[in-house]
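Coming up is one lone chain in structure tokens, specifically the form predicted alone.
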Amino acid sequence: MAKIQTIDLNFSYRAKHQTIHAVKDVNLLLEPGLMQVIIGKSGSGKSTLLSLLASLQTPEQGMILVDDMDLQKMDADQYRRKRAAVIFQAYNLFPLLTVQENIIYPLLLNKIPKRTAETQAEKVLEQVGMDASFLKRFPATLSGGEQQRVAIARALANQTDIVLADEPTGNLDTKNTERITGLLSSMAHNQGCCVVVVTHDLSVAANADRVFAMDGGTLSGVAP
């Protein structure tokens, strides 16, 4: 099972003619078998940090180690395909693919037989509280909360040992927030995954094994 460590991690970007230091000297150890939550208000840098952990952006300074290997030296696509499932806040569903096709897409890329992938799609869809009647529907016919759950199902279908989730409950009601939080917790505790969630939802943080607070690009505190 995977362990992630950041060493003096820094990242900045230009916005409105100014430089935003989104991540400043972040040193963080994220361990397998734990649900770890990074909380912070909008603009705190937590989503940028998650994108760095997902190898969607490259650090300006510092390192990210995955099982003591430099993430920048890995193939980013292979890393996200085989090691790290990413749950995007913006869903990132393919609009012209059905729910089933969206879920099985990463499985087919990993050479999973189509019938096996379809069985897995139905299983994970049930885990997020949606039955088989949704399989043939298209994203445009779903509510925001339903699209969010399909995006979560797609990420979980690959059974990776790292799960990186950006506001996974942001569009969900209380019942489904509890369902998804429980599912992420189970993946950590029962499957040994390294689960990392960024959120401003304190109810999600209340169920975490570790909570890291982020403010102004820096980790400002850690709660056990």
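Heads up: residue numbers just count along the shown sequence, starting at 1. Quantities reported herein were computed from a predicted structural model and do not represent experimental measurements. If you superpose the two forms and keep the largest set of C-alpha atoms that fall within 1.5 Å, you have the rigid core.
Not pictured, yet referred to below: the form predicted together with a small molecule.
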inquiry  = Within 4.5 Å, heavy atoms only: does Ala22 come near the small molecule in the predicted bound form?
reply    = yes
request  = Indicate whether Gly43 is a 4.5 Å heavy atom neighbour of the small molecule in the predicted bound form.
outcome  = yes
message = So in the predicted bound form, is the small molecule close enough to Gln147 to count as touching (4.5 Å, heavy atoms)?
response = no
query = Does the 4.5 Å heavy atom contact test between Thr48 and the small molecule in the predicted bound form come out positive?
reply = yes
ask   = For the chain seen here without its partner, which of 188-196, 62-70, 35-43, 153-161 has a heavy atom within 4.5 Å of the small molecule in the predicted bound form?
value = 35-43
ask   = For the spot marked by Gln5, Phe88 and Arg210, is every residue within 4.5 Å of the small molecule in the predicted bound form through some heavy atom?
value = no
task = Align both forms on the core first, then report whether Ala15 has a C-alpha shift of 2 Å or more between this form and the one not shown.
result = yes
